Every structure is written in C-alpha cells, then in structure tokens.
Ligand SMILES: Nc1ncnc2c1ncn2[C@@H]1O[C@H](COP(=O)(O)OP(=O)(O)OP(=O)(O)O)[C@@H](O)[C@H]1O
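Only one chain comes next, encoded as structure tokens, the form predicted on its own.
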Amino acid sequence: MGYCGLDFGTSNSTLGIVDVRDGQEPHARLLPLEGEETTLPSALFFDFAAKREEFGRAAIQIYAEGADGRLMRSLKSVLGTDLIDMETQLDRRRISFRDVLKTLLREIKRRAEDQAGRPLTQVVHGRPVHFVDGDDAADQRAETALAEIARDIGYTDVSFQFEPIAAALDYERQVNAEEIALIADIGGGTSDFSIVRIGPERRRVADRGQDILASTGVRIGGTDFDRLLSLHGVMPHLGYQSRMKRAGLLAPNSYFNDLATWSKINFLYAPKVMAELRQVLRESARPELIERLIQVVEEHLGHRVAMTVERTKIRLSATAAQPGGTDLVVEIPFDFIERGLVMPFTVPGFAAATTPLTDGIAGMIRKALADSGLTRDRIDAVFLTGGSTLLPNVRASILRELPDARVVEGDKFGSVGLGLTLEAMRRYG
C-alpha cells in the first residue's frame, strides 16, 4: 500500500495516505509533515553557515532570525516558465530551480514515509486547471516537469488530478443527496473552478468523467494579492511611481515589481542591479525614497518585506470582518527599513488595489457556467477551499455570481490533499 495523494501548493503542501483495517471502511488522512501540523509551508532555506537546508515553518523562522542564507518560496510558480531549468546562486555554488523543487519534494516524501512507516511509490499529484494561462504547450511542460521530478525522487507511478476535482471528491463524502456543486479552490498561485455533479451513489462509480460539467482556472492566487497590496501600499514609500529629474519620467517599474513578487526577489540581489539602482538614485527627483529601496536590496530585506505584506493582508481580512472595520486604518511598522517608518493600509484600499484579481475570478465562474450550459440558479452549493477564499473581497466576488447557492466551507488547506488521496486509492488501491 505505497500510494498517496500529494498536494504541492504554492504556499502550503500536504500529503495523504489511506489506512485500511480489517472490518472497517478505508480511512483517508493527511500525514503530519512538521511537528503535529499536516501542512508544510512550501518554503526552504539554504543555510550558508551550517551548510544545510531547513523546510517549512522552520525555514521561515530561521530566515526571520537573520541567519546567513537564502529563503525560497512560491516555487510552484516556476513550473511552465523558462525559470525551471535556469540556475540561481547559492553562496559559492549554483543550483537549478528544478533541483530546488526536487530538494523540497524529496523532503516531503521522506517525512511522509517516516510517518506512514512504509515507502511511498505511487502518487496522484494535484495540479491546477492551468499552470500557465493561455499556453497549452507551457501547461504541458509544467506537468511533464513535475512528473519527471516525482520519478527522480523515487515515485514509480505518477498521475495527476485537477485540484478542484480532488476537492469535490472530499466534499462528496458529506452529501446525502445528489447535487450540482461549484468547487472554488483558490490557493497561493491559482484559482480553479469546477462544476461537478456529486452524490452518495456516484461515489461508487469508477469513471467520473461524465460528472465533470465544466472546469476552468486562472493563474491568480494569494501571492498575486500580496503583490498588488505591496505595489499599492508599500512600494510608493520606496520610490515606486516617483518622478525623475527629467520631465515626464518615472522610476523604472521593474525593480518594484520584482520586489513585490516572491519568486523574483532574489534576482535583485546582483551587483548589476545595484549599479543600476545607484544610477536611478542620481537621476531621481525623490532620492530619499530610492535610498530606502537601495537599503532593502543591499541588506537583502526583500523577503522580510514580503512576509510583512502577507501578514498585513491577513490582518486586513480580519479587520474587514469587524463591525466598522472598513473605516479603520491599519498602521504597519517597517522599522527594519527605517526607524519610525509606518505605512497605513485600509480595507477599501486593499479591495481597490486587487479589483483586477477579483474581476478575473468572477469571470472564470461565468466561464464555467457557460461551459457547463447551466444557469446560475442550477448550482446547489458552492464549496470553498484554499486559503485565499478567506479574503473577504474574494468571497464576495464568488458569492455575487452565485447568490442563491448554499455556501459550504471546506478544509481550507486539507480538502485537496484528502481528495487526491481518495483518487490514489481508486487508481492504485
């Protein structure tokens, strides 16, 4: 029984197995991957002094404590891009992003096998509906790369299932009658939607292809909300959209976009970039702002900025749920950049900055309905999974499209992994 379901996520990963005991129904469960936690943040830290890797929460913690090394997160986003086979600098050596992914996924497999007490050789990997929007060839390259990595780290049988379909399989276990559900799976890197016919009798059917009425997705996730929140609320304090001495010119956008994007932060830590930034400083009409940007890059504070933005997003979401929360100003200290530096954020400001993302999510739901041939009144339930469904403006954009559907809260970080495990049992059990 060496099969498992693996949800490798942009922000968090889970892995599940099935326990089979005599006289009992098979039981799918997620394995603890870090202490008692079944989620492992998809992060690793290369510790230059100790010459070892740290993973998950431990990786983020050691980075936050100021250890000398390199933190890498949101690695799933390199799949389907040219970055996958590019190399990046680690102290005195270079390593490809493919090998970085192998390092992380091999560690997840090792920890899972320790918990399961047996080798795991067959895996159903989760995948978004689209790794890459509008590029079928790049999408196939992403799946192929992930399959090759899985085989390289020791899985002999590798197959894939769409993440929203996996979430539907988990949800189906709790329904008592047939219904049509829209599964909304919005994670760190992608938003996926499937319209699925589910029910207690359908669980016994081996081929569920006819029950998948539509499946759509877009490369929008929690890290995109972080990026736009950073560009809207943080980067102007570092010189974003600031004027240059030459009339009509603004500071180049590329540095700020890279600093606001998890997977690109490390590209700023290069001598060539620092030379360019000093030239921008000389030509800037707001040199005090560009000096802050140079300090962030020079002292490798980019990931600390990104983590502060991520925490701010979560705090704004909690503030929105409070009575009168939309009128409050949330002030976030950035003392690690400059003593006394405080940046204000508001719930309406966050919603306005991320409107293009929520509009994209709403558009995907409308596309799923069109593809299924159903009107929105035919949808019985909306099943919400993925951490980004906790964002109030994301939930609102979904529920505006389906106002009459029953809202079902899934396990935000576990439903996909459990569904993939159920699929692994069907395929390999």
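From 1 onward, residues are counted along the sequence shown. Note that this is a predicted model, so its numbers are computed, not measured.
Same protein, other form: the form predicted together with this ligand, not shown, and the subject of what follows.
Of the heavy atoms in Gly239, none are within 4.5 Å of this ligand in the predicted bound form. In the predicted bound form, this ligand stays beyond 4.5 Å of every heavy atom belonging to Gly126.
The closest non-hydrogen atom of Thr354 lies beyond 4.5 Å of this ligand in the predicted bound form. Taking the partner from the other structure, this ligand in the predicted bound form has no heavy atom within 4.5 Å of any heavy atom of Gly16. When you look in the predicted bound form, the only residue of Ala285, Val158, Ile314, Leu83 with a non-hydrogen atom within 4.5 Å of this ligand is Ile314. Only one of Ala67, Ala381, Leu374, Leu390 lies close to this ligand in the predicted bound form, with a heavy atom inside 4.5 Å, and it is Leu390.
The stretch in contact with this ligand in the predicted bound form, judged by heavy atoms within 4.5 Å, is 381 to 389, chosen from 395 to 403, 53 to 61, 381 to 389, 360 to 368.
Site residues Asn12, Gly188 and Glu310 are all in contact with this ligand in the predicted bound form, judged by any heavy atom within 4.5 Å.
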